[in-house]
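Starting off, we have a lone chain in the form predicted alone, written out as structure tokens.
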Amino acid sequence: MEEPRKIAGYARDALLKAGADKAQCLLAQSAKHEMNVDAGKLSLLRTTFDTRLALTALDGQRKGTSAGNQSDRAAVDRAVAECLGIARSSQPDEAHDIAASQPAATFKTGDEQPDLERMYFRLDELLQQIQVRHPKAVLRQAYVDFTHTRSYFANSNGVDFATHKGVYHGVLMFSSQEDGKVSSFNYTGFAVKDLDRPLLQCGSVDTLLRQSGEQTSTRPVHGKFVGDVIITPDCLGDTLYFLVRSLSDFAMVSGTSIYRDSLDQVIASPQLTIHSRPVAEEICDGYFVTGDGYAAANSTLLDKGVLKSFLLSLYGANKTGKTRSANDGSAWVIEPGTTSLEDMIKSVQRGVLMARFSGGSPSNNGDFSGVAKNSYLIEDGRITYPLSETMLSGNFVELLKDIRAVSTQRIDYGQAILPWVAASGVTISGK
């Protein structure tokens, strides 16, 4: 098989020879070794290989892209022809461009090969520990995989990046059962560089399994009230989703972002500081190269509530006249606060500990509404009972401003490090 770096260079050069003014190629090859648990038993060991070839060509101000899962020269030649054909039939846009020249670099993280014996040991250990610690749990499915990816990015401005990345992932899907009653389905995942500790201790696995066992009997809230919500690390992504969407290309270019003119302004509580750290040591499942071909760097999105960066690609930056982001977002690290989770709960008169949220996408102005899943009612400073049929509604723009506490504790998921966040002003509705 031809060396992947040469294939990426060949594809770039083939685009130029075919008439492209500018060209880029991303070639990624991965090997995934996966062990599965199905219905509580180790059931499968498999290895899969994947190839992804993505080409971009600029013909004047017109852009074409093509993608495939083969990397032999015949497949590359077909992808080149397709890419140029798409470019020449597209509408011109002066914002199209490719990454500027940067020093060539090779990035490496993690192991190249899995420790299969360790994978088996940790997965078997997990099953035994769940039986002892969480006897009500019904493990629907779980897997641990080790994925090693080699990716090569080359463009006609001289960009030449290689990335070698190995990481273990774990995913669990489960519910609990007791006396014929079944809890709501839940799931979680994590990433780790090695398997030095039990899987039950990774991410929020142990906590969610314990809560699942408590949730076989649930009750709805009675009536409707405006109260507090404590958002768990597992649910914090729903809040981040609105913020990230509002700061990214589509909302910024279309002008629908509520934050389009808010750079260096306060948009959230001073309790909240959010970083994107894809190349930090504390993030084991980050990335080194952005989607548009720049070496990724760590950045701060919010600094004590002040918006410090948009999440614009090269195209978004050219289109809006604003600064390109140092990265693609994700790899979120939220700074810990000064309040323990225990004190946070004690401070709530009436509200919800929200562990999962099921609802549609929020509107452009931040309005949201959905059902609290795997969550609890808090009354008079203590968690009282698991909830069912409970609706939460509010506005994410106001929610970010109404954050009144961030926990000292955080959960490390490998892809993100997140705390508990308490906010006020959420409408809670039951029967």
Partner chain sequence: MPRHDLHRFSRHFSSYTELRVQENTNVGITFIKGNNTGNTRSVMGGVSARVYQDGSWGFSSSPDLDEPMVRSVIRAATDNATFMNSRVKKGQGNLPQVQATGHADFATHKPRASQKVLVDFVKEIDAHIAATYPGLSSRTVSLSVTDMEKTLLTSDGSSAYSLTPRSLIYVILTVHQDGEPVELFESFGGRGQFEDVFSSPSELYEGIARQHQHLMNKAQGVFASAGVQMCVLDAELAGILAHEAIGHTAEADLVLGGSVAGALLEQEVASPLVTLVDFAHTALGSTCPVPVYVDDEGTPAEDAVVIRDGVLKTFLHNKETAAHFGVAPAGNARAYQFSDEPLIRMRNTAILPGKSRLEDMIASVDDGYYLVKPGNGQADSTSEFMFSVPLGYEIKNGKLGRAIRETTISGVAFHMLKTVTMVSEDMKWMCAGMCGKKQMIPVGMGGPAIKCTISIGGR
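Because the structure is predicted, anything quoted here is derived from the model rather than measured. Residue numbers count along the first chain shown, from 1.
Although it is not shown, the form predicted in complex with its partner chain is what the next lines describe.
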**OP:** Identify whether its partner chain in the predicted complex is within 4.5 Å of every residue in the set M35, K319 and D367, based on non-hydrogen atoms.
**Re:** yes
Subject >> Segment that reaches its partner chain in the predicted complex - one of 263 to 271, 84 to 92, 196 to 204, 333 to 341, heavy atoms within 4.5 Å >> reply: 84 to 92
**OP:** Taking 4.5 Å between heavy atoms as the contact cutoff, choose which of S347, N157, T147, S184 touches its partner chain in the predicted complex.
**Re:** S184
Subject >> in the predicted complex, the one of Q113, Q131, T256, T323 near its partner chain [non-hydrogen atom within 4.5 angstroms] >> reply: T256
Original post:
Within a 4.5 Å heavy atom cut-off, is T384 in contact with its partner chain in the predicted complex?
Top reply: no
**OP:** Please run the contact check for A162 against its partner chain in the predicted complex: heavy atoms, 4.5 angstroms, yes or no?
**Re:** no
**OP:** Would you please decide whether V371 lies within 4.5 angstroms of its partner chain in the predicted complex, comparing each non-hydrogen atom pair?
**Re:** yes
Subject >> 4.5 Å heavy atom contact, K224 to its partner chain in the predicted complex >> reply: yes
Subject >> Heavy atom within 4.5 Å of its partner chain in the predicted complex - qualifying residues of 149 to 176 >> reply: S175
